[in-house]
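Only one chain is included here, represented as structure tokens and corresponding to the form predicted on its own.
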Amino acid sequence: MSKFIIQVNSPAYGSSSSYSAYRFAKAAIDNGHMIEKVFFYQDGVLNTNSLNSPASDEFDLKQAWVDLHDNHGVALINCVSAALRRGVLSESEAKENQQLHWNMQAPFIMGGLGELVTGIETADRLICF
């Protein structure tokens, strides 16, 4: 059994990279491996926007990430700096920046690159998409 950290750098839609990251995570878990966390970085933070609303006949990647967390306890970490630059705010970030609304979907949480670095120390591999 290997422990992985997955870094997602691409948005949920407009590229297949995020979907490939999700499929890799699901396949790894199905084959007995462990996903320590998924770290959303650069445009990858757009996966966590609660306002993503795919058509009813399209795959809902944001919900797939949430289900991965709910079913397997995988931590979903958003790079706070990348998120703020791209207009993805948690409730606490919205309050700190005096905004009336937030759009980061729970159970995604904000974190920094320190989260990624400490995770790399305990994981066997970092896989970037």
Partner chain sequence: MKKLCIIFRQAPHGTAHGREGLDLSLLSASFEQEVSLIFTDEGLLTLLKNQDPESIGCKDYIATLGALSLYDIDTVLVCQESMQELGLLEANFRIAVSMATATEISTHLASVDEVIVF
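Numbering follows the first chain given and starts at 1. These numbers were taken from a predicted model, which means no experiment stands behind them.
What comes next is about the form predicted in complex with its partner chain, which is not displayed.
Partner-facing stretch of 70 to 78, 40 to 48, 56 to 64, 89 to 97, counted where any non-hydrogen atom is within 4.5 angstroms of its partner chain in the predicted complex:
In short, 40 to 48.
At 4.5 Å between heavy atoms, is Ile120 in contact with its partner chain in the predicted complex?
Yes, Ile120 sits close enough to its partner chain in the predicted complex that at least one of its heavy atoms falls within 4.5 Å.
In the predicted complex, is there a heavy atom of its partner chain that lies within 4.5 Å of any heavy atom of His101, even though the partner is absent here?
No.
Closest heavy atom of Met1 to its partner chain in the predicted complex, within 4.5 Å or not?
No - in the predicted complex, heavy atoms of Met1 and its partner chain never come within 4.5 Å of each other.
Please check if Ala28 has a heavy atom lying within 4.5 Å of any heavy atom of its partner chain in the predicted complex.
Outside the cut-off, so no.
Only counting heavy atoms and a 4.5 Å limit, does any residue of 99 to 129 reach its partner chain in the predicted complex, and if so which ones?
The stretch 99 to 129, when checked against its partner chain in the predicted complex, contributes Leu113, Gly114, Leu116, Val117, Thr118, Ile120, Glu121, Ala123, Asp124, Arg125, Leu126, Cys128 at the 4.5 Å heavy-atom cut-off.
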